[in-house]
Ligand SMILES: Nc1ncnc2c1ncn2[C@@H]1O[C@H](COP(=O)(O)OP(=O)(O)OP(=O)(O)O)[C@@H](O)[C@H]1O
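Starting off, we have a lone chain in the form predicted on its own, written out as structure tokens.
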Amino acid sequence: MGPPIIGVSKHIQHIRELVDHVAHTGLNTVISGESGVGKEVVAQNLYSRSPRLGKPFIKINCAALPEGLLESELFGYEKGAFTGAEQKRRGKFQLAHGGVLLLDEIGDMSLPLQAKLLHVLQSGEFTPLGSEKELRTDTWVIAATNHDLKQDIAEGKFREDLFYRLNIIKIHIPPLRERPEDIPPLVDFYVKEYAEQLGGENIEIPSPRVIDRMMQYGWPGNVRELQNVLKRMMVLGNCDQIVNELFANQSENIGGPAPVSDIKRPVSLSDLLDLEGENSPESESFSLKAIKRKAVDQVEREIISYVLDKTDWNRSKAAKILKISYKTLLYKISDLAITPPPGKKR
């Protein structure tokens, strides 16, 4: 059996249902999603629930090899086919016969090689380099990509006919920031797994408060980043410090400042101090902490309003740009009293 698909969100529930429905069909499948979301995990679950379980499960990363080497890896070659081919070698299609071939990062495959892949998918036949004999293969091809393949087609980077040949079944895995409710079960699962690996002694477990903060983080590296952070927390401790560093790095990598002409107006000292009444320096409530909180709120209000305006109040797109969860964005819109333009709902 493949590693479990962890999560409680409607997205993950839908993916599990798709896997159950598709696994027995052997139909070509494209698994899409950002790097680190778990595309290989879904592919392994398809394989483990299919009649091909027990047959080979072969993976090849199309982005990791140059075109010539990738072609020889896929189709194999005869002795003397090219310089350095000192003996005959079987390719991945031959090795995966009867089983599953996972083409990881299919969007990085060159156009000439895409044409050869299309031929295999159409005919079930391929020719090793340096050979004149066609071989047959019965292979379930599952492709994985972090590309928007339809956009690649529009830009001439991906063959439309290959896309439709591969994309009979499509499974999309949303990024972790769009499903923060999956973080607690993911943490629970990996903490148990890593506790065994690390010996189970002198390790620190993230507290519920730390996990709650982790749900507010954007996770640009998705589940892979979460795994690495958990290992660091369990080995080094200082969970609060580590999660604080995550948010600090997120702020630094938000994409740089917007052009001055695009910012509505700068935050002035008078905005922050409001030197009259209860906020005057003579007031007992006057404090650096209060001023800092007001400054942060004002800056967040300006930035979030700016991004919402630029995305025409598309909250999902704005949350992605800001690298925060959709839930966090809705909370901040309400908490910071950010008002949408006429005709838009908060």
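Quantities reported herein were computed from a predicted structural model and do not represent experimental measurements. Each form is matched to the other, and the largest set of C-alpha atoms that superpose within 1.5 Å is called the rigid core. Residue numbers here begin at 1 and follow the sequence given.
Unshown form predicted together with this ligand; subsequent notes refer to it.
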Query raised in the report: Quick one: does Gln227 come within 4.5 Å of this ligand in the predicted bound form, counting heavy atoms only?
Result: yes
Query raised in the report: With the partner left out of view, is Asp309 within 4.5 angstroms of this ligand in the predicted bound form by any non-hydrogen atom?
Result: no
Query raised in the report: Is there a heavy atom of Glu302 no more than 4.5 Å from a heavy atom of this ligand in the predicted bound form?
Result: no
Report task. Although this ligand is absent from this view, report whether Val41 comes within 4.5 Å of it in the predicted bound form, heavy atoms only. Result -> yes
Query raised in the report: Which of 86 to 94, 118 to 126, 183 to 191, 67 to 75 has heavy atoms within 4.5 Å of this ligand in the predicted bound form?
Result: 183 to 191
**Report entry** Candidate from Asn314, Ser48, Asn28, Ser35 lying within 4.5 Å of this ligand in the predicted bound form - any heavy atom
**Finding:** Ser35
Query raised in the report: Taking this ligand in the predicted bound form as the reference, which of Leu135, Val243, Val223, Ile171 has a non-hydrogen atom within 4.5 Å?
Result: Val223
Report summary line: Near this ligand in the predicted bound form, with a heavy atom at 4.5 Å or closer, the residues from 101 to 135 are Asp104, Glu105
Report task. Answer yes if the Cα of Ser9 shifts by 2 angstroms or more between this form and the one not shown on a rigid-core superposition, and no otherwise. Result -> no
Report task. Align both forms on the core first, then report whether His24 has a C-alpha shift of 2 Å or more between this form and the one not shown. Result -> no
Query raised in the report: Does Arg52 show a Cα shift reaching 2 Å between this form and the one not shown after rigid-core superposition?
Result: no
Report summary line: Working note: in the predicted bound form the C-alpha atoms of Pro220 and Leu330, off by 3 Å or more, come closer
Query - Shift in CA distance, Ile15 and Thr328, in the predicted bound form relative to the form shown here, given it is 3 Å or more - result: farther
